[in-house]
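Take a look at this single chain in structure tokens; it is the form predicted alone.
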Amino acid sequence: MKRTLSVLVALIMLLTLTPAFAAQEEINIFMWSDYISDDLIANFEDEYGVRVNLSYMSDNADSITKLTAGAGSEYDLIMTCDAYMESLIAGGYLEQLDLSQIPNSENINRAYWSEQNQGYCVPYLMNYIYVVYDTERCPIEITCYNDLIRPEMKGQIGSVDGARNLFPIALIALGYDPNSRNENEIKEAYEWLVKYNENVVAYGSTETNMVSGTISCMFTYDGNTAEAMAQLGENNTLTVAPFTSDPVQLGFDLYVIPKGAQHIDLAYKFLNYICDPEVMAANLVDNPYSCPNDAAVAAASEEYRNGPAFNFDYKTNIFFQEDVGDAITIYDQYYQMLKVG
């Protein structure tokens, strides 16, 4: 009898609890790894009683592939960058946003959020992609992109990767538009990058190699620089290269809702949550990149606002990645040749 009663009690509890578990909503997000704080995700889950499922991309091509293949059945939010927005909007791959459901988006500086894109994306973080070098170990002072292919720099450089990060610096070094669609110019840029490639020790974890002393120069994101400088502490001898003429890239990572997303209401809640100044200010502790949310920057620590990784004079001498249309296939062709080489 006792055993029967125990089974009945357990069965009743299971039947009582199961609907609660089944009712828990989930939101599925595809983005870069190690690019959002665990606390932010956990706090959002607690506040809204939902589960956040994160999946990670290895490069921007991953998100574009998913978006153009109809990712709405699988993901509710996908991270992409400004270089692809024109094509994604024109192709009808994105849900149009109702910004009235994201009131905290008013905190985002409109200078970093084009009028065309405002109806389809929400900027998350942004990053200057620039050159940093160790003033004590680097063989030369770096003042322009062409310095990176000098023979003295062989075995000295760590670099970010990706066609749309690498080719623009080569095009600028050659005197061309960083968003060129001219195949002859892109081919010349490829030849420049072959020389650059000979001086690069590794692509990827630039800050790790810099801190360990493997390299003395890196072409990297401002957030990676901030992390490297913080790890070096009082021993920091890194400086942002004092470019006087060559512009640097300012890139944006954006959240979009793929067409046909299953949990659009939760996507709106998440977008509004990350635009909250206090939430984003806390997120900047673990992700010290440039931020388009002015209110969050004002709420962030003085250490963040005055960090040496953001202390450079050419913030107006910048360029943006533009959608190069069909020319992207030319870039991809030469990029694959560069990687094989």
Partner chain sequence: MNGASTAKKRHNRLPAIAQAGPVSLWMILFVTIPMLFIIFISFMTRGSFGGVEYTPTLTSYETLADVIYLNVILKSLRVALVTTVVCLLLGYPFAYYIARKPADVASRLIMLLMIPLWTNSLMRLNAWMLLFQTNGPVNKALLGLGFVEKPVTFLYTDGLVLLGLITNFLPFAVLPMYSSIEKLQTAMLEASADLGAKPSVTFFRVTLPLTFPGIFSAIILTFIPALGTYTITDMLGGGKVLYIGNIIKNQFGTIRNWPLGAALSVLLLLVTALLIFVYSRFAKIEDMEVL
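Rigid core: the largest C-alpha set superposing within 1.5 Å between the two forms. These numbers were taken from a predicted model, which means no experiment stands behind them. Numbering follows the first chain given and starts at 1.
Note that the form predicted in complex with the partner chain isn't included here; everything after this is about it.
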Taking any heavy atom pair closer than or equal to 4.5 Å as contact, tell me whether Ser212 reaches the partner chain in the model of the complex. yes
Mark Ala61 yes when one of its heavy atoms lies within 4.5 Å of a heavy atom of the partner chain in the model of the complex, and no otherwise. yes
With the partner left out here, check for me: in the model of the complex, does some heavy atom of Glu185 sit within 4.5 Å of the partner chain? no
Looking at the partner-bound form in the model of the complex, is Thr65 within 4.5 Å of the partner chain by any heavy atom? yes
Work out which of the listed stretches, 201-209, 264-272, 105-113, 141-149, brings a heavy atom within 4.5 angstroms of the partner chain in the model of the complex. 201-209
So which of Asn197, Gln101, Thr239, Asn179 gets a non-hydrogen atom within 4.5 Å of the partner chain in the model of the complex? Asn197
Which of these residues, Phe252, Tyr84, Tyr128, Trp192, gets a heavy atom within 4.5 Å of the partner chain in the model of the complex? Tyr84
Does the trio Gly91, Asp332 and Met337 actually contact the partner chain in the model of the complex, every residue with a heavy atom within 4.5 Å? yes
Just checking, between this form and the one not shown and with the core aligned, does Val201 shift 2 Å or more at the CA? yes
Answer yes if the CA of Ser212 moves 2 Å or more between this form and the one not shown after aligning the rigid core, and no otherwise. yes
Aligned on the rigid core, do the two forms place the Cα of Asp265 2 Å or more apart, comparing between this form and the one not shown? no
